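Single chain ahead, written as structure tokens, the form predicted alone.
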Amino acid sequence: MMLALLVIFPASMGVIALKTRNVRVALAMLLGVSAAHLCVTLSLWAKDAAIPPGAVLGLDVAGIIFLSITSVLFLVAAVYCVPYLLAQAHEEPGGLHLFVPCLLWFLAAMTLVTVAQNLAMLWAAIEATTLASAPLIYFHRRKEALEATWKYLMICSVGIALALLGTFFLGVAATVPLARGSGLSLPALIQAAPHLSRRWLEGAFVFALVGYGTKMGLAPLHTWLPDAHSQAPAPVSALLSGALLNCAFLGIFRFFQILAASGNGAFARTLLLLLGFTSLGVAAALMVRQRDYKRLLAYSSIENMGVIAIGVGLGGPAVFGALLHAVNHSLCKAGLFLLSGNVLREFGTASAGDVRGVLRRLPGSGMLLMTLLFALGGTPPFGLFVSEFTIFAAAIRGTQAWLGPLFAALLAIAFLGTASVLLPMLQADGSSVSESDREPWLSVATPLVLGLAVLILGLYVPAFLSDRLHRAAMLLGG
């Protein structure tokens, strides 16, 4: 009942917000729903009951991790929206009346993804995230935003259609006598996995990987992501990168669980390694040439989705590293996208070449931007260093030790590409630039909170989180 309310409540409030024309009232609703959602989510950490076969909704260890990331980021983004919508957007918004309702429906859809224990419902929930978030990308009624929205809808729709085909394949695999009655229930399919047709299972995973991998931004199916993330408003970009990509990864995670339970996890790991290194390599190459700082962050998301896929593909301790990396990347990238909104508001352009002196004109945002740049690059003492080093160590200890140096080299290229774009933006240009007005404290405090969380996870992973991450990794054979 509590899980159903977590989905129904924000969805219902979205309908009510649609009829609200006062932006302050809509923002109050957004903040109230976000805070309530996080409170309920935190209370669910105390419950750890087994999910019975046939259950439609349920929260396992993987679900609570990704639900918590979504809830935390949504509250931070909602707080950031207050100054962003009231006075600080760099251009006049065109879809203001749809902004809060779509955000709340987006939250409801992402919540449903994390609690769905039926693969048909999971598919519908991931499709719902696309429909809820598309109007948010077109918030600023620009031609580029319209193109990005259509690209997002078209490419992700093709991907979700392939994922549906994978779900059908799974249904066919479950028609063997010993698995009849499983339907598309995840717990029942995992229980029956050793009896399922291996050929149909492999086909189902391939289609799910391609389909949900498109939404996750894995190369070469990533082409929608740089446009959508760069055209969306800053708080929406933070949610797209920090929360939505995780939802797509969770779709792949669920299919992997079934394949691993059938004893054929090696097949899935091989494909994930291939797509993971492809994504990391493509993103690193494109980041070196990038001159738009929002698109740069978007390509960085592709890079980090590749890191997660590689960690899961390596297996063993690297799976724990991959899941920890998902947490770290969500916090860090959301903070960077919020900061990009501050920079865009101040300078009015996303072209990195036209932005100089961020540290001077926006000292708070500038310092945080520099800090999170190094955090994103995997330098100590931040959390991404811990997760990337865990994956690297597992790689060099594995049977294909050469993957470790390759992994480290591609990460280094990506970091140098990012630094070569962002560091010149921070420096003063030597001209007599006047000091800008004080930055709205909420627009600095929100990325600061996320940056502190990334720092803490680099120094210490709390036992409650470490335990859940280890148990989630075990679901994939880690």
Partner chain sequence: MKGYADLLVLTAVLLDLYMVATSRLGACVRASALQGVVLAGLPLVLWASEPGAQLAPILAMSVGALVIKGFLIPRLLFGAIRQAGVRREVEPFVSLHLSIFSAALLVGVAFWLASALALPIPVASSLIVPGALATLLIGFLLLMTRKKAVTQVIGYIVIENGVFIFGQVLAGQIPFAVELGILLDIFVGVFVFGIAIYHISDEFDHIDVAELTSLRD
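All values derive from a computational prediction rather than experimental measurement. Positions refer to the first chain, counted from 1.
Separately, the form predicted together with its partner chain exists; it is not shown, and the next lines address it.
Remark: of stretches 380-388, 252-260, 361-369, 143-151, the one touching its partner chain in the predicted complex is 143-151 (heavy atom within 4.5 Å). In the predicted complex, its partner chain stays beyond 4.5 Å of every heavy atom belonging to R356. The shortest heavy atom separation between H97 and its partner chain in the predicted complex exceeds 4.5 Å. Residue contact check for T278: none of its heavy atoms lie within 4.5 Å of its partner chain in the predicted complex. In the predicted complex, its partner chain lies within 4.5 Å of some heavy atom of R295. The partner is absent here, but in the predicted complex a heavy atom of V172, alone among I396, L86, L406, V172, sits within 4.5 Å of its partner chain. Here is the short version: of T349, S157, Q191, Q400, the single residue with a heavy atom within 4.5 Å of its partner chain in the predicted complex is S157.
For the partner-free chain shown, N118, A120, M121, W123, A124 of 98-125 come within 4.5 angstroms of its partner chain in the predicted complex, judged by any non-hydrogen atom.
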